[in-house]
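Just one chain follows, in the form predicted alone, and it is written as structure tokens.
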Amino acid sequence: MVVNKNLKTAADGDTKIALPRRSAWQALTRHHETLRTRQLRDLFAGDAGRAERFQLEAAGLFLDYSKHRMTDETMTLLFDLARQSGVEARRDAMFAGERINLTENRSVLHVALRAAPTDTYMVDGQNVVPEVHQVLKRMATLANSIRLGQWRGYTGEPIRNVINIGIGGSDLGPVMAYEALRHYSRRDMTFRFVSNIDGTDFTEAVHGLVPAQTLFIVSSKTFTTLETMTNAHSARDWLLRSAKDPAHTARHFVAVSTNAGAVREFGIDPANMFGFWDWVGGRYSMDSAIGLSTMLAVGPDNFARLLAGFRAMDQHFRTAPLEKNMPVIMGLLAVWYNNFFGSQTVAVLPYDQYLKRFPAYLQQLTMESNGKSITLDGTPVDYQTGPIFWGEPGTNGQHSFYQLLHQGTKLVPCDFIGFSRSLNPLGNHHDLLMANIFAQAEALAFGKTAAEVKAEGTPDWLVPHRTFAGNRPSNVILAEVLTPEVLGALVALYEHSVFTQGAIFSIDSFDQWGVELGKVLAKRIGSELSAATDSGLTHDVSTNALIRRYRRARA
């Protein structure tokens, strides 16, 4: 496979130069030695304009990145690294529809999913935007018919319950978006999500629901995904225990897939099948037909607002210079801590209950994208790639893991996300919530010295326990209020930050071969678990023993 020539050009000659040998990387290594013991207290004390200089607004989001262990020189060197790593060229190649997913020989054009009707995104000489909007129009027609009560179940009753069946990107995006936009959703309808092959997940999802009022969305591009199709068949069995006639399946199932034959065989009318394309990765698909459940919940107009937010951040990422580019800056700072300070995780801390599933969504987006150890040219890396993402909504996390953030031995960069206005104003709740964001970011950055603790009258023996070292970095991301547009911009911000990091690491952020081996082995072991004899087991001795033990217990 030929690597796109655009991806080889960089300021120091060639991105094929191993990352640690790029001149900007080496300069950052030297610079880190001079900066690693500097305190944020001192950086702020010596730079009155720091807070104003290290902030940025784009697509309805405000980013304060002043509380980082960096200086103007740090940022200059990081921007040099981005240019030497071909970030701009790779970004332009993505927007041009070039096949930057090298291992699968595919374009990477999730940005086309939220394009305006007049935009142009080319794949193999064809503008894909009209087809994208054709699918969106069909989705809107279905959504309106269900929301208006025109779509009827087998008894003639309207649909009141929608269950999305998917896994990975076909679940994490829709469930995150539903929870994030629940304020805008139909409250007289029930929306649930099934992903785990554990039967408990399906059983609890349908508990208390009336089959005649329930619609299932089966989301699987190939219509062969083991977990999804196992749950889909259980859903059909659950329906038919009441409906009896298999022909009724068509009134209670729609599909997000490209396999018309398998969809028809299952009992779904292919007219109610919504496709997407091989240039859309699963973890980048929540704004495609995979978002059908989101559109059903919030309506086509709010879904269009969500796409508009994505599009605004896309345009910012595509056109803003690196020095004023929000996703690029966040990506570069992530590299700074991951690769120079040795930080292995990032905590994402949304101070809005509606974003409770946002950290889980980012886990797939970031870790499936950049959890790679092989470069684009097939050689092993000798540096850290994607960090581990985790988090919980505030203020719950403050009474859980913030102790480690403040006084533990690990350096954990944090992303705080908050809003100036609450969608549910209640007394002084929101002021107290936001006070906690600002307080936590301040405490992490500046800590509390032993002298300050002693001045409060603390006994000498207790002073070390109540001292906070500070010097813990964070971003603070603010928006006015959580709208569909803001959610779209927020997701796109992290998408493009991940892209920036992957370009610097010289890895393919758009394949996911690491999930395949376990799936293949599970399919093989699945048939072995129900075998009548112990013969035929050819795994390692530990796995063979576990299978035999399970067989005995199952029997």
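A quick note: this is a predicted structure, and the numbers were derived from the prediction, not measured. Counting begins at 1, following the sequence as shown.
In what follows, reference is made to the form predicted together with a small molecule, a form of this protein that is not presented.
Within 4.5 angstroms, counting heavy atoms, which one of the listed stretches 363-371, 203-211, 151-159, 305-313 is next to the small molecule in the model of the complex? Residues of 363-371 come within 4.5 Å of the partner.
Identify which of S107, Q440, S195, T225 has a heavy atom within 4.5 Å of the small molecule in the model of the complex; exactly one of them does. Contact with the small molecule in the model of the complex is made by T225 alone.
Could you check which residue among Q84, T483, S220, N339 gets a heavy atom within 4.5 Å of the small molecule in the model of the complex? Looking at the other structure, the residue within range turns out to be S220.
Using heavy atoms and a 4.5 Å limit, would one call I167 a contact residue for the small molecule in the model of the complex? Result yes; I167 sits at the interface with the small molecule in the model of the complex.
Is V515 part of the interface with the small molecule in the model of the complex - any heavy atom within 4.5 Å? Judged by the heavy-atom cut-off of 4.5 Å, V515 is in contact with the small molecule in the model of the complex.
Using a 4.5 angstroms cut-off on non-hydrogen atoms, would G282 count as touching the small molecule in the model of the complex? Answer yes; at least one heavy atom of G282 falls within 4.5 Å of the small molecule in the model of the complex.
Any non-hydrogen atom of K523 within 4.5 angstroms of the small molecule in the model of the complex: Looking in the model of the complex, residue contacts with the small molecule do not include K523, since no heavy atom lies within 4.5 Å.
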